[in-house]
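The chain below stands alone and is given as structure tokens, in the form predicted on its own.
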């Protein structure tokens, strides 16, 4: 479960998030909607640990995430522009979070294969990301976001 208690982020005098409270149950899907500049991306970055909150707390399964590094949170985030690593092939991009978590080579290979199959790119692990269409890049980004799933 994810819970935000009073999450606040300020950029100068402007509050990107102003005391946001949110609770998301396991297996619940939430859609965050709003106009440009309303704090949607900031909210997701705070949950993933890419943006520190100026105030408030982020709790995952009841544990405060303050000070927990990005690669230890087990949260995947899919950016709008994919932000794939150009120096890595498709498999290397998908496996990145798993490698950061210390997963063994065999488990990484198994999980990458499973995810590439799921997103409709079976056997694409060795392809250079520069050879992918925009839609294929989006699917690789989705697979990478799903790869380091948290243990339940």
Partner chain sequence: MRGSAVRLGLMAAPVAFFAVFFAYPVTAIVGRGLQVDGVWRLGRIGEVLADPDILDVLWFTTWQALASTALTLLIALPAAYVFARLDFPGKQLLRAVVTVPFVLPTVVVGTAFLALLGRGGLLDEVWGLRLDTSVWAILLAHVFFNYAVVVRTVGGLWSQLDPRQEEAARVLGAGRFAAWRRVTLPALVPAVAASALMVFLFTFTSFGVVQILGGPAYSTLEVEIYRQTAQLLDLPTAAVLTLVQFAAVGAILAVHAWTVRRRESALKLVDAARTSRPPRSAGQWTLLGGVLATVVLLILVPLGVLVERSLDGPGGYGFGYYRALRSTGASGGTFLVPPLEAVWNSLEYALVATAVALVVGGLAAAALTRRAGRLVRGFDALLMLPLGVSAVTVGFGFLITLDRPPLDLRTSWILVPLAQALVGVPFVVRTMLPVLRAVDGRLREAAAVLGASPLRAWREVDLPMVRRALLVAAGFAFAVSLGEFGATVFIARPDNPTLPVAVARLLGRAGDLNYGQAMALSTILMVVCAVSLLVLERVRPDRSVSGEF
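Positions refer to the first chain, counted from 1. Please read all numbers here as calculations on a predicted model, not as lab measurements.
Quick note: we don't show the form predicted in complex with its partner chain, though the next part is all about it.
S.K.: Could you work out which of 118, 55, 70, 109 is the residue within 4.5 angstroms of its partner chain in the model of the complex, going by heavy atoms?
M.R.: Only one listed residue qualifies here, and that residue is 70.
S.K.: With the partner left out here, check for me: in the model of the complex, does some heavy atom of residue 38 sit within 4.5 Å of its partner chain?
M.R.: Residue 38: no contact with its partner chain in the model of the complex.
S.K.: Heavy atoms within 4.5 Å of its partner chain in the model of the complex: does residue 86 have any?
M.R.: Close contact exists here: in the model of the complex, residue 86 approaches its partner chain to within 4.5 Å, heavy atoms only.
S.K.: Does any heavy atom of residue 99 come within 4.5 Å of a heavy atom of its partner chain in the model of the complex?
M.R.: Judged by the heavy-atom cut-off of 4.5 Å, residue 99 is in contact with its partner chain in the model of the complex.
S.K.: Taking its partner chain as it sits in the model of the complex, is residue 48 near enough to touch it, meaning that at least one heavy atom pair lies within 4.5 angstroms?
M.R.: Yes, residue 48 is a contact residue.
S.K.: Can you check 110-118, 56-64, 22-30, 89-97 and let me know which stretch has heavy atoms within 4.5 Å of its partner chain in the model of the complex?
M.R.: Among the candidates, contact is made by 89-97.
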